[in-house]
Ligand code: HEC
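The chain below stands alone and is given as structure tokens, in the form predicted alone.
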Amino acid sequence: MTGRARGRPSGWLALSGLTLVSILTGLAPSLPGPSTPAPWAAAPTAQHPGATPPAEDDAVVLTPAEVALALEFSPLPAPPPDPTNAVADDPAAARLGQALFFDPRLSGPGNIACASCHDPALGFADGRRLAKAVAHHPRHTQSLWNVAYNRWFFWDGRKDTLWSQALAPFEDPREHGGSRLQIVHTLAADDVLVRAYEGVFGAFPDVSDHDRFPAAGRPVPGDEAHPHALAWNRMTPEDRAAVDTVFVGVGKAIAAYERRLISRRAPFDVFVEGLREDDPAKQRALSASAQRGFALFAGKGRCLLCHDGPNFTDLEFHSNRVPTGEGVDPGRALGVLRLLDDPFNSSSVFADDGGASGRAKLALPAASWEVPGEFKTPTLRNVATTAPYMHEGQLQTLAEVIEFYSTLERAAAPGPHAETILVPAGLTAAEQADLLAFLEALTDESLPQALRRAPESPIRR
């Protein structure tokens, strides 16, 4: 998949599935209109609703063109490398990161861990409409499933690496409510954490002099009178750099753990594997209803226009027109500005490739206040386990999501420069049930239990 400036489709050939289907079947890759059948949708046959049901031993009810498209959505490849994080795939870093992920001592009040809002039992989300940690947050907590594949992070894309994303909640007063100095002192007070850190990153600095290294402190842009800012600003540049180095190490270790939270072996994937291997037993992993749901996903429902590819996301930003609370959340428009101003972005001195990949990456996004309210397209893998949905948790169930996009009733009015691809899908009740069956067939929770809890030690014994 290729990047598209400000999330705008650069032509429908950018949709990888359509391109291959066109090659395989000779179908034109033209975009179906709201009342026009998708070009790969077959006329009613024994494989589609309204005709004779398939025989019990007929595992596949898709048309050949739909089968060709399904092959483009699985398998999910290995996560892309992260050149900005030299320990991204280091097992020792991942074990340390897993320990830190579940450790509430890193928060200001000492009772909030990353896992408090990204609970493994709740799809690595929190089940709430809006996030709540130290205080309430105006946005919904996103799941961590398959975050290793993301290009941008948070709903507004204000972070561009997984390790940098992991740092932000620690110093957000609504989330962990802590500071980087407090985190460094927390690690320094735990000999096992220090040993684990040094096994990955090298020598841990001596921060025992509290005149040089206050108990709490961080930059607080716009509020230089804040106690954290006062403590931070009286430190020497060299001491601040030492603290930043450990703080970044914490983020990179947590990212190494989070890169292991992969969902890629759902019933849909088994079904597609069965198509490739001509294995009827594997083909039966996906019900006829779920198969029809995939055909709707790719055709009449037009879902793949944003949820494209094996991770079921185009990785970009769109206006979903779901009604919001009071005011206008600027979304990506503000997120771009925050990203470019971020001292931990991928072009910074903290990137392990010297910022080379970041300089190329950050040359692409541009903020535009003409198009507020655009948010990142989430993956649909394990989507059935992560309710509620949307950036404010406005829709409680997947059935509500499908009904909303089927009718667009109560949809927010599009802005003057908004995208025009979102139109009512017009799905019948039976079609909505089939689409729901397909989305539920993207559930894979085979992640080992050992990755769903704190390790016995941050160091493998």
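Heads up: residue numbers just count along the shown sequence, starting at 1. These numbers come from a predicted model, not from an experiment.
Beyond the structure shown, there is the form predicted in complex with the ligand, which is absent from this document and is the topic of what follows.
Peer 1: Go through Lys361, Arg292, Arg259, His140 and name the one with a heavy atom inside 4.5 Å of the ligand in the predicted complex.
Peer 2: In short, His140.
Peer 1: Since exactly one of Thr245, Ser357, Thr186, Thr377 fits, which has a heavy atom within 4.5 Å of the ligand in the predicted complex?
Peer 2: When the ligand is considered in the predicted complex, the option within 4.5 Å is Thr377.
Peer 1: Would you say all of Val194, Pro205 and Trp232 touch the ligand in the predicted complex, counting a heavy atom within 4.5 Å as a touch?
Peer 2: No residue of the spot touches the ligand in the predicted complex.
Peer 1: Can you work out whether Gln98 and the ligand are in contact in the predicted complex, taking contact to mean some heavy atom pair no more than 4.5 Å apart?
Peer 2: Although the ligand is absent here, Gln98 would stay clear of it in the predicted complex, with no heavy atoms inside 4.5 Å.
Peer 1: Can you tell me if Lys252 lies within 4.5 angstroms of the ligand in the predicted complex, counting non-hydrogen atoms only?
Peer 2: Close contact is absent here: in the predicted complex, Lys252 is far from the ligand, nothing within 4.5 Å, heavy atoms only.
Peer 1: Looking in the predicted complex, any heavy atom of Leu69 within 4.5 Å of the ligand?
Peer 2: Outside the cut-off, so no.
Peer 1: Please tell me whether any heavy atom belonging to Asn320 falls inside 4.5 Å of a heavy atom of the ligand, as the geometry stands in the predicted complex.
Peer 2: Residue-level check for Asn320: yes, a contact with the ligand.
Peer 1: Among 214-222, 379-387, 281-289, 197-205, which stretch has residues with heavy atoms no more than 4.5 Å from the ligand in the predicted complex?
Peer 2: Careful reading of the contacts points to 379-387.
Peer 1: Could you run down 194-221 and flag each residue that has a heavy atom within 4.5 Å of the ligand in the predicted complex?
Peer 2: The stretch does not touch the partner at all.
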